[in-house]
Structures are given as C-alpha cells and as structure tokens.
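There is one chain below, alone, in structure tokens, taken in the form predicted on its own.
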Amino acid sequence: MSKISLIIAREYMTRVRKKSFLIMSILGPILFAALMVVPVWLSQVEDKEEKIIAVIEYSENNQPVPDSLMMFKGVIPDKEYLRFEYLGNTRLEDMKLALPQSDYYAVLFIPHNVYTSETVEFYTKKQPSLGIESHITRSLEKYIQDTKLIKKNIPVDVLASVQTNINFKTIKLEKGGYQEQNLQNLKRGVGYGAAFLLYFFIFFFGAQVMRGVIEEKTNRIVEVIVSSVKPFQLMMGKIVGIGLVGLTQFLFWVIFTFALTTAAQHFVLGPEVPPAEQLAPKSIFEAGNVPADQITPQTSNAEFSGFLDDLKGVNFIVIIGSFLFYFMGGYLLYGSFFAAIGSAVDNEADTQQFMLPVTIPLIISILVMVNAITNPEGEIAFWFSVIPLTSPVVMMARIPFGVPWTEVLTSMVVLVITIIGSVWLAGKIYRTGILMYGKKVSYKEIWKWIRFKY
C-alpha cells in the first residue's frame, strides 16, 4: 500500500502543479457563473440606438393607401428607441430605392392581402433583432385576429373571457402523504447539467489516464518503475492519483462558482430592495399608468431573484454527494478501461479500434439522459440507471427529482461490483501490455493476455 500511496502522490502533485490545472480551475467557475449571469445581464442591455421604421400599406388594386385611409396606422406601438412612421401615398419601389440614403432603419410593407396571406415584408439595411421582429408580428397578429373576429360578429371581449390557461400542479404521494412537486423545469435543468458535467469529467480524466500510460510506455520510463513496483500497483496509483486531481478540481469549482454567483447576484440585482418597492402594484399596470417598457428591468431583476430563490429549493447536498460518488465510480470504471487501452498500444493513433467499445456506452448514456429528465421514473431511465456502464450519467439526471433510496443503493452496489471486476480485468491486460513494444495488438491478443496465468 505504501508504494501505491507514493504513486498516487506523484501523479497528484505532478498534475496539480501544472499551469493548465490552475488555469482550468479558475476559468471553469467563471464560465459556469457566466452561464447563469450573462443571459440575465444581456436581457437588461438595450440597444439605445434610435430606429425609425417606415410603414407602407397597399390597397386591393396594389396602389399606395392615403394617409387618412391607412388601416394599420398606430397598430404597432412605439417603444423607447423604436418608432414607426406611417407613410401614406408612398410607393414601395420608391422607398426601397431611397432606403440606403435615408434615415429610416427599415421599411415595413403591409400588402392588401395580409388577412389571407398573413405575410408582411420587411426591407432593412441591417439584420433586425429578434425583439423587433417579435414586437411587429405580435402587434399585427393581435390586430388582425381581432379584426377577423369582428367581421364574424364575435365580440373581442367574448373571446377574451373564454380564453383559458391551465396550470398543471403535480401532487405526489410520498412517505404516506401527498406533497406538491415544484420546480420541475429547474430540476430538469440541474439534472441535465450535472449529468453532462459528469460525462465530461469521466471522459476527460479517463483520457488523461490513457495518455499518461502511453507517455510512460513510449519514453520507456515504465521499465524503470516496474522494477520497483508491481504493474497493478502502478496502474492503480495512476488511476487514483488522476481521479483525486479531478475531485480536487470539481470541489474547487463548486466553491468558486458559489462565490462568483453570489457576487454576481449583488452586481445584477444591486442593493436589497424591499418587496413592496421591487415591483409596482399589479393594479397600476392594469390601469395602464406605467408603460410596459419602463418595468422591464425591475421584472428581469425579480425573475433573476426568484430563480435564485428557486435554487434554494433544490437539495444540492444530495446532488453534490451523489455527484462525488458517481464521478469516482464512473471514473474508476472507465479509467481502468482507458488504462488498459493505453497499455496495449504504442501511440494514440492506435487507440481508435479499442476506444469505440468504451465510448459507445457513454454516448448511449447521454442519449438516455434526455429521456431520464423528461420521464425520470420510466423503465428506460430505471434500467439504464442500474446498468453500471450508463448508471453514473443517467442516475445523476434522475437524482434531482427524488429517486427512491432502494434504487440508488442498487445502482451504487452494482457499480461498485462492476468496478472491482473491471479493475481486475484491466490489471491483467496492463501487466502484459505495459512491456509490449513494436507490435500491433488485436482483440485476440488481448484475450490471450487475460487468460494467461502467472
């Protein structure tokens, strides 16, 4: 055990002292925090360049409509930095020619058959933002819809009174009582993020094991090392040492990400605002006393604050604990495979034929993960969270939804048993392959190594 400890310490200290480890340890949390904060910040950044859009209508005889007869005049409301000018008696072809030299941002053309074609044309000098497109289409859709209802003698207020939105509330039987299930979409997001991160960590650090073995074999350093330690001790020391590097980096990421997110919360939300002042009363909005574009920043802040409050409803202690177990379990399982592959080849180019059987289960786990976050208690999600080659990723996608402990323990026990078998199998390949040079190894040759008895 002392020799394995020395190898673990060597692998660990060699890697954590590298500049790449320090850079990734710092950049990783910044990227994760940015994924949470930047979208909110971008939603609050407005394009303050004033844009004027000319609106032209044509009549049924394809002639410009006079200003006094324009049906869509005032239909599209102005915004703070977006204005609409309705031009009567103006030909589209003339405006298309004059647009490059004019002060107009774009020309919106509304044809006479817009009620049937449901299509308008937007001629612009620059690519319009999604916000401009949505603002125009929503305004026109509402007006055309109301106009069609009036033509069919259906009052608009009648339609508004029958429109219904169903709120789907899930109340699940748990521990002898019914409990309301909240934050389902947030749990799906957490499950997807944790599972994908686990997949990345397993593949990334497993590949490091393989590259480390190939490097030592190519440089003939391994011949010196195995004169003092057994090949199995060398393999286990390398796998465990690199695994501890990954564990260290993950823990650093968790702490640093939490600190950055907390700091970003104060940066985005600003100082604490009393709930009564954070949002104006709903009755004011209903009365139309506050323009909608003036309440957007407060609403965005409130949504971000609410999102952070929702995060508190997720049991991150269970999620992080499960992540640590399944990371180490999945890493040890696949790390042993990668170590065996590294010992069987002389360079990375020769690893392709052996990598496919190892990577296929990981790819399948990513595909099943999508099913697991949409139907966490389905049969597919259950069985693939028990099968050891896919259980680390798939089970992590299910954990945020609350998986019965019997299923979790079953998955963990099966994974541990499989790890023991995979390490034993990899050890038999490693002890022979690590000293083999200059020969293309086949599956038949590896099978002989496994069956060979010392």
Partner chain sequence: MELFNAIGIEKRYANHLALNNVSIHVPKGSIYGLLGPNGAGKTTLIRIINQITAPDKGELIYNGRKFKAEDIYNIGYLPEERGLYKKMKVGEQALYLARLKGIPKQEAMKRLHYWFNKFEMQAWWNKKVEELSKGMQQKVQFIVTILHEPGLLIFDEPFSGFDPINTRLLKQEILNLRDKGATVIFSTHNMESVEELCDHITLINKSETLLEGKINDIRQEYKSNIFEIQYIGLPENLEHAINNSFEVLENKSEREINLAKIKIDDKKSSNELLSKLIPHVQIKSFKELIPGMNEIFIKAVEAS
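Model, not experiment: these values are computed from the prediction. Positions refer to the first chain, counted from 1.
Although not depicted, the form predicted in complex with the partner chain is the subject of the following passage.
With the partner chain omitted here, the record of contacts in the predicted complex names 227-235 of 227-235, 93-101, 144-152, 366-374, defined by a heavy atom within 4.5 Å.
Across the proposed site, D350, Q352 and K428 without exception lack any heavy atom within 4.5 Å of the partner chain in the predicted complex.
When contacts are judged by a 4.5 Å heavy atom cut-off, R138 does not count as touching the partner chain in the predicted complex. Under a 4.5 angstroms non-hydrogen atom cutoff, the partner chain in the predicted complex lacks I23 among its neighbouring residues.
Taking the partner from elsewhere, D346 is found to have every heavy atom lying beyond 4.5 Å of the partner chain in the predicted complex. Residue contact check for N219: one or more of its heavy atoms lie within 4.5 Å of the partner chain in the predicted complex.
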